[in-house]
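The chain below stands alone, shown as structure tokens; this is the form predicted alone.
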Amino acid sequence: MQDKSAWNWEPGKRVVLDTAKCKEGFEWLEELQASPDGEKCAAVVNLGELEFSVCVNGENWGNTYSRIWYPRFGPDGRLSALCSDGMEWTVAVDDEPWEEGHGYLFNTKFSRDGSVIAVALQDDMKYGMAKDGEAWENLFDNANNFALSPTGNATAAAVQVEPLDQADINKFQGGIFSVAVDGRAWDERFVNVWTPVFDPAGERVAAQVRKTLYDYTIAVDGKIWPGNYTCVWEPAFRPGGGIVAPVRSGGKWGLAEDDNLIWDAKYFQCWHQAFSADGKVAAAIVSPKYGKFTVAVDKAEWGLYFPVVVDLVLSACGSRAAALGKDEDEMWTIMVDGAAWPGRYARAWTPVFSPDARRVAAKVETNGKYTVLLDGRPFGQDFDQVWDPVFSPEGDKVLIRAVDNGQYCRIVALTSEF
């Protein structure tokens, strides 16, 4: 991950790229991508029939391909894209392609610091993953729910480990799915497997599993929790603690940690659990009334209810929480610490806390225009496109990466400007 303290935090607006000039000589220009520090703007460009490249700040990559898609800047600022040259696909990172080609690639993933890049792959109708150019030795008839550990040391996916003939109900109920870590499947078999997740060190894996048609639980490194539940959702590793997952028991939902209920099963729904950096504060999206959702922090529910609540985030210290609520009119509201900001928006994106948790920023859309909010107050300009805001290390400035009348701009705004 890039050191934000080394970024340019001098207040002001700078045009990085005039996209109108960038289009010159191209058949077309695809969706723009902004680097984390805002210094680069990139897009896939078509140079002619079956000839594509990537344009970065107005300069093309030296290599061309018959097709390029899914360009993405990683946390460390490197730009990757999935590239096809003939009948094979590879990953190009800052114009350097991986040596090995594959039948198809998709779902690019980055480690926390961006130093490791992984993708899902298909070769000869077999599926798996590749990490920094090295593919799994074992591929599977079916693989999904791909994951890369935060440290980048391991990959995982839910995989089908046994062939299945059409209408072979007995074999399906006997279990044909498992979790593969770096291409090696657990010995245990399940009726279904979903969402393998890594612990912060990338040494352990937990997943939702379906033991029978009616019994669900959590599996950790292939070993299941003894308890049976009528449903479970994605588990999470609590920092410094155990594995926490939403579980359904007796017709209601609660939170279980290492198979022990820590929040009573009393909700119509409970999911998307989140924790402070030290693991001492736990929050989740809950539905205490049918069709009404809110946020609970250490079991204490907010007094705001919406038909939909998403994108729950906690500040690192755990002292503050934020989420998005969607009302009956399909409009979005940003909630922070149990209170709603005044505006209602056509769309809103995940709130971002400043490093000291004093401030909250978010990207929103109204009438086809985008802007950034800080503590509920909009920046004094609307844009054609905006990326998620980024706080300076001291939290006194906000980096706004935006497109204004065809110009990609990098704006460093003082918090006092909102």
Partner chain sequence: MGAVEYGIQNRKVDDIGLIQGAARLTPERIQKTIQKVLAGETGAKLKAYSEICVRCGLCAEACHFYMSHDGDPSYSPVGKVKQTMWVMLDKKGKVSPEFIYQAAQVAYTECNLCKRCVQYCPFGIDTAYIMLVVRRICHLLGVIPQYIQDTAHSHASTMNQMWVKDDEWIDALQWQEDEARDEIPNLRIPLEKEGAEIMYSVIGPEPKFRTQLIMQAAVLMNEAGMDWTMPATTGWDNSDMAMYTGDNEIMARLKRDHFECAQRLKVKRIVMGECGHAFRSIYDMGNRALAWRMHPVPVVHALEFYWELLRDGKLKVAKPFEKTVTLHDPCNVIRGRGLHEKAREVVRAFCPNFIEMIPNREHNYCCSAGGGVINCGPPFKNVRVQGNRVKAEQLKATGAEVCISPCHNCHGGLEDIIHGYKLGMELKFLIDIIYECMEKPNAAE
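Since the model is a prediction, treat every value here as computed from it, not as a measurement. Residue numbers count along the first chain shown, from 1.
Same protein, other form: the form predicted together with its partner chain, not shown, and the subject of what follows.
- Residues placing heavy atoms within 4.5 Å of its partner chain in the predicted bound form fall in a single listed stretch, namely 117 to 125, out of 117 to 125, 181 to 189, 92 to 100, 73 to 81.
- Using a 4.5 angstroms heavy atom cutoff to its partner chain in the predicted bound form, none of 65, 275 and 416 count as contacting.
- Put simply, of 146, 225, 237, 263 only one has a heavy atom within 4.5 Å of its partner chain in the predicted bound form, and it is 146.
- This chain is drawn without its partner chain; in the predicted bound form, the residue among 164, 339, 201, 316 with a heavy atom within 4.5 Å of it is 164.
- Looking at residue 365, you'd find a heavy atom of it within 4.5 angstroms of its partner chain in the predicted bound form.
- Although the partner is absent here, residue 287 sits close enough that one of its heavy atoms falls within 4.5 Å of its partner chain in the predicted bound form.
- Remark: residue 230 counts among the residues lining its partner chain in the predicted bound form, judged by a heavy atom distance of 4.5 Å or less.
- Taking the partner from the other structure, its partner chain in the predicted bound form has a heavy atom within 4.5 Å of a heavy atom of residue 310.
- Contact residues in stretch 266 to 291 (any heavy atom within 4.5 Å of its partner chain, taken in the predicted bound form) are 268, 269, 271, 272, 287, 290, 291.
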